[in-house]
Structure formats: structure tokens, C-alpha cells
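A single chain comes next, written as C-alpha cells; it is the form predicted on its own.
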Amino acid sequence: MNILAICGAANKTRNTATMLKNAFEGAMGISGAAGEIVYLYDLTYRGCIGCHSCKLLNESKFARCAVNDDLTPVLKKAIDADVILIGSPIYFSDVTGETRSFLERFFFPGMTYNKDRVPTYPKRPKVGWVFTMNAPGEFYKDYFSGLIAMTRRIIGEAEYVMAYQTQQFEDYSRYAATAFDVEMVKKRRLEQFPKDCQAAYDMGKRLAAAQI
């Protein structure tokens, strides 16, 4: 069973990466699992260029992104994966730009303009999303439900876990950040974030177990 984790956060040690690693560890704990974590910020690539090559009725091009860059082997691994875990912080009410560019290149070849809208990829993997944000969780529930619905339609069954009102700085006094209740944020870091990581771990384990 192939597990692929995609980290759309720039920092490999902070909130998103930590939760994603927990989800990955949960999935990798299932017998027979093999996989890796890909850090998008380590790669050089761009989003969809709208060439529509992936829609051509040509066996060598259909349902495959024609752009050749650092993302190309990652897309192949995603198509072959049984479980895909994607983590991103929320910036300006959306996933990071790197995550968005990955999704454009992964989602668009996975669908056609045909009336039946049948997905094109040979597998229907389980997909687990990890979201982190410094805002209250209810701010983005509509966005999450829309992204999950699209993931289910094009790629496979999907679910998500999130951590909200996360701690971003060790010393808030050094930053223009007086809007935050620092004591509350630090308290959540100590008490709630371990639970969020456990929820991510459980999700990864659950999704991988469902593919046995």
C-alpha cells in the first residue's frame, strides 16, 4: 500500500508539518504500508498553464499533466497512491500558493469536460486533509466542505482534521500581533494541540486501514 503525504507549509517543524507527520505515522503503522512525505516548498514548479493537453483524446497525454518540472514525479506518485495526506496552513482564507498549484496540476487532469464527469485516474485513493490556522475554526468550515466535496468528486473519499487558534510565535511581544489572546493561544498549544495531532494520527491510521 502506497502512502503519499504532501506538505504545503514552508516550515517543516511547525504546526502543519507536525500534524501531517502524525497523520503519516498513523498511516505507516498499518501492515504493508510504504510511503514518503513530499515538501512542496523544496520543489520548483508552477500551477496549471491551461494548455488542456490532459483533455486530448490521445493515450499518451490524456489525464496527465504535460508540464515537466519538479512536480511531475510527485503527480505520478499521487496517481499511484492508495492514501494521500495533504497538509496546509490557511492563508487569506485558502491553502498556500504551493498547495493550490499542486491541486491545479493534480485535480485538473483527473476530470474531463464530458457530461458524465467520470474521474479519469485508475485508483480512488483515500484522502486526508490537515489544516491549521490562527483564526477560530468556524471561520473556514464552508471552505473546507467545498474542498472536501471537490476532492471526493475528482480523487477519492476524503476527510479532514484541523487545528485552529494555533501558536505562531514564541514571543508575541516582538511582533505586530496584539489582536491575539496570547495566554489562551499558549494554553491551547499545551492542551489542545496534542489532541489535534492525535486526531491527525487517527485519521491517517483509519484511512490506511480502510485500504487493506
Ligand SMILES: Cc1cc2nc3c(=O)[nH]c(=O)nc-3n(C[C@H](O)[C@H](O)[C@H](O)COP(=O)(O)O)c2cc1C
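Only a predicted model underlies this, so the values are computations on that prediction, with no experimental measurement involved. Numbering starts at 1 and follows the sequence shown.
This protein has a second form, the form predicted together with this ligand, left out of what is shown; the following refers to that one.
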property	result
Contact segment among 89-97, 109-117, 72-80, 122-130, judged by heavy atoms lying within 4.5 Å of this ligand in the predicted complex	89-97
All of 14, 135 and 168 within 4.5 Å of this ligand in the predicted complex, heavy atom check	yes
Partner proximity in the predicted complex: residue 203 to this ligand, non-hydrogen atom cutoff 4.5 Å	no
This ligand contact at residue 9 in the predicted complex, heavy atom, 4.5 Å	yes
